[in-house]
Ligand code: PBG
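As a starting point, one isolated chain is supplied in structure tokens, in the form predicted on its own.
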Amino acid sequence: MSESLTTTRMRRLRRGGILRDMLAQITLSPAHFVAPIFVRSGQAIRRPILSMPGQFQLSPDMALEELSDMAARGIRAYLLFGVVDAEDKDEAGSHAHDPNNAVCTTLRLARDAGINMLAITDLCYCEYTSHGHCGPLAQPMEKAPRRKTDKYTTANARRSRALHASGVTVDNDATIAQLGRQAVLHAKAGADIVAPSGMMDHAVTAIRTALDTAGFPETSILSYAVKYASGFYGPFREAAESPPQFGDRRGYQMDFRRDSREAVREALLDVGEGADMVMVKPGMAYLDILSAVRQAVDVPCAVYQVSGEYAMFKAAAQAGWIDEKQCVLEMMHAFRRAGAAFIITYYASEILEWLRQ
């Protein structure tokens, strides 16, 4: 039956806030948000991240205070990233396997303090490797011959130049073996969910096998199944101190010029390997991808509003160009409308305050 053009008035259902609230199909609640946290070894460290106003690098003791405050404000989950001092980095990312690194220490502190939040940990090696890539490299490190005109003065810079020239890439199979080890370490320290982010093929299989073998069959895997090589990650590289020292990550992260079919395939492969949840990253420019993946998989789908997206909102708001609250909440509803079961966002604390208001 066709609508009568003379009697239909769509705006009748928009008349008054009570009616609009009653008919709203997309909602936000505290359970829908995950707060990223950057932790580094030390004591009493609360170091501002200049490109991400309101975000900090925290030592484990300060992270515990932050998590306690977040829990009191209603945030239900957090995602931990490790920040590593240069002297603790090496070519294989070995510090990721230190049970006393900042991530593991923070997990234990939060568990022992009874913090009632889901603990999620990022599994990757870009923060831990001296070259800034997401795992050990496929070729051994070698020194470049030093010449008088060589502008590189450190051994790491000379090695990086040699590696860049030789076209090396991350060793996929060596990396996934390490990821299994890292996942078990996090589970032992108290992680409820581990989230592999390096886009290594068959990482989920390796992690699931390692967790089950070590006696952690209940630890969930949230796979960064659909992660693009994006320009929106810039501020994160300052926050995590993890920029690649040569080349880029386009050889293993996804190409945004391809359509949603590749994204769906990536997500289905990870679900087939045992991922309990999948993620699309970044968020704002990829709502079509999020929608396609959500329709294709039968597991919960998350989205990550990444550092560059957060920084753009902050910069525009500080300049007085946008209503920050209105625009951020509009974006969160868009993520949910596109199919996100939950949203990882640096705005988590502010959103909960706005929702209370």
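Don't overthink the numbering: it's just position in the shown sequence, from 1. Here the structure is a predicted model, which means the values were calculated and not measured.
Separately, the form predicted together with the named molecule exists; it is not shown, and the next lines address it.
Novice: Is it true that Ser41, Tyr78 and Thr105 each have at least one non-hydrogen atom within 4.5 Å of the named molecule in the predicted complex?
Specialist: No, because Ser41, Tyr78 and Thr105 lack any heavy atom that approaches the named molecule to within 4.5 Å in the predicted complex.
Novice: Residue-level question: is Asp122 within 4.5 Å of the named molecule in the predicted complex, judged on heavy atoms?
Specialist: Answer yes; at least one heavy atom of Asp122 falls within 4.5 Å of the named molecule in the predicted complex.
Novice: Although the partner isn't part of this model, could you tell me whether Tyr347 comes within 4.5 Å of the named molecule in the predicted complex, counting any heavy atom of the residue?
Specialist: Outside the cut-off, so no.
Novice: Verify the contact flag for Phe33: yes if a non-hydrogen atom of it lies within 4.5 Å of a non-hydrogen atom of the named molecule in the predicted complex, no if not.
Specialist: Phe33 lies outside the contact set for the named molecule.
Novice: Contact between Leu67 and the named molecule in the predicted complex at 4.5 Å, heavy atoms?
Specialist: Flag for Leu67 set to no.
Novice: Heavy atoms, 4.5 Å, the named molecule in the predicted complex: which of 177-185, 232-240, 87-95, 283-291 makes the cut? Say which one.
Specialist: Among the candidates, contact is made by 232-240.
Novice: Which residues in 206-229 have a heavy atom within 4.5 Å of the named molecule in the predicted complex?
Specialist: The stretch touches the partner through Tyr224, Lys227.
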